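Single chain ahead, written as structure tokens, the form predicted alone.
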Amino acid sequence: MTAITLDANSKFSIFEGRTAHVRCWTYLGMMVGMAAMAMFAGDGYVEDSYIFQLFSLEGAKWMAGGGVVGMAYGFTTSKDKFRAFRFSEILVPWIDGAVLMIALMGLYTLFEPSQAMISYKDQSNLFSGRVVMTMNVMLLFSALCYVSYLFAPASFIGKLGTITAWIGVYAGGSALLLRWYESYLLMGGDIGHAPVSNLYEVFILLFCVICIVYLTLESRHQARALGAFVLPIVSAGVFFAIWLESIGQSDIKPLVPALQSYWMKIHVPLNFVGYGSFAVACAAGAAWLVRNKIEERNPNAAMLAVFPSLKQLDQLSYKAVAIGFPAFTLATILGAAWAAEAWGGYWSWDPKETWALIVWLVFGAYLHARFSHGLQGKILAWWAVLGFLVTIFCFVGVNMYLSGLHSYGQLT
């Protein structure tokens, strides 16, 4: 911790110091209240109704109680009024973002059609479709801004790309939460489930993860030009998701028996933290290769003033892999536990499992080559690009072209 003093030039921020610390512990207290409600309230945790209990009067009481306890703890542990709390300052913006997405989802429910107008066979009037379209427009516009920024590096264009990317993130995240809510409106709530069960839904999740990882790195390393390589990857995914919607793959459908498990809510998001981070690493590797080629042809090119340096791009690619690899590793371990529960064995050399192992080995070898052999530069840039191509096949190719125990992920 570092002491902070106020002077005439200091600025108050809700993301720093005691304010951030108290807010962080208030949030954590509310989470404890949610967990306590699941364990001690009524009949305990019931998956199909828990999300609705949270928004009931009973849920408000449990969360408010936990929040008050957390707030009191935050005050008592922050006796020095101007002391910074690094843990809270790092954590609280992320919780703020999650709270904002939940609040947006709650607002969207006001625009849902009446129960009588909701049909399982025709889901075109569900409001989540409009929110997803907003996300698509924002992400495509953001990609255009970032690419334009390379050739016309005005700060306004770059900032517009960043802002619209964040709008796309919040639209996509809140749309997924809304689809979760909508799944309980269909067929009397019999098909209610987390929105990570088909290609269309996980593509939206992937867009959000890629943008969050990239925007975090952009903010911390002032690497805005990298967006010209990241957002086009997202845009390609947006067009693929639009195609999925056009062939009827966006409908909310009942879960197959293998997916009716709490493991799905943990395993799938962790997988996509890995996929999204590897996409950012690929973009940084591609940017390294482009900058290197420009330097070889014209060391005085004006575009080089916009690009991050080769060393910085190398670092950004490594940091993205360092974010994604632990998440992907944990997802693979939890997936094995889920497989044991669903199919009676931890590993069966199913095509999806096999290609997930290949992806893990590719990026594990990337980190090994960097740490143990000191590799940098062009070799690792190509490694990140080709590794993401392997990841794409694991994610999309296996689902579309190979059959196996994970065949529920195929197009129908």
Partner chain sequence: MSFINKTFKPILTRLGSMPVAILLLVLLAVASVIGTVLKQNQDQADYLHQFGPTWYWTFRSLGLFDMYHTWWFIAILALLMFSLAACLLRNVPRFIKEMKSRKGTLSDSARKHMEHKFDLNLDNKAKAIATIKASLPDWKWMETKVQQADGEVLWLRGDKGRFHKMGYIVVHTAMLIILIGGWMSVQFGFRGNMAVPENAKESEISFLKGTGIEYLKMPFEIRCDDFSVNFFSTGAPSEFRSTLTILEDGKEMMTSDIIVNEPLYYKGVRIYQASFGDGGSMVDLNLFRLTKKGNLDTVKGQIYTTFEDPYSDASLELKDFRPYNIENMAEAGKPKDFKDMGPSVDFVIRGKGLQPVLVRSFMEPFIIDDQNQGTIMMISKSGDTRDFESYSLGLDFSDPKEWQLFQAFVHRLPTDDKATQQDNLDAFRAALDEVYPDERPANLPMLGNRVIQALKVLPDMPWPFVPILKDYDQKYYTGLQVAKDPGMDVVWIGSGLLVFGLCIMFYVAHRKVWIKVSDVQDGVALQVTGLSNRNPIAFEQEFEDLEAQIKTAYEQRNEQGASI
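Residue numbers count along the first chain shown, from 1. Every value quoted in this text rests on a predicted model; they were computed, and no experiment measured them.
There is also a form predicted together with its partner chain; it is not shown, and the following applies to it.
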* Report yes if any heavy atom of residue 323 sits within 4.5 Å of a heavy atom of its partner chain in the predicted bound form; otherwise report no. => yes
* Classify residue 355 as contacting or not contacting its partner chain in the predicted bound form by the rule of any non-hydrogen atom within 4.5 angstroms, answering yes or no. => yes
* Just to confirm, residue 340 within 4.5 Å of its partner chain in the predicted bound form by heavy atoms? -> yes
* To do: Verify the contact flag for residue 77: yes if a non-hydrogen atom of it lies within 4.5 Å of a non-hydrogen atom of its partner chain in the predicted bound form, no if not.
  => no
* Asked: What is the one choice in 102, 191, 160, 290 with a heavy atom within 4.5 Å of its partner chain in the predicted bound form?
  -> 191
* To do: Would you kindly say which of 258, 215, 71, 266 lies with a heavy atom within 4.5 Å of its partner chain in the predicted bound form?
  => 258
* Structure fact -> Of the candidate stretches 223-231, 167-175, 142-150, 332-340, the one with residues having heavy atoms within 4.5 Å of its partner chain in the predicted bound form is 332-340
* Heavy atom within 4.5 Å of its partner chain in the predicted bound form - qualifying residues of 111-147 -> 120, 121, 122
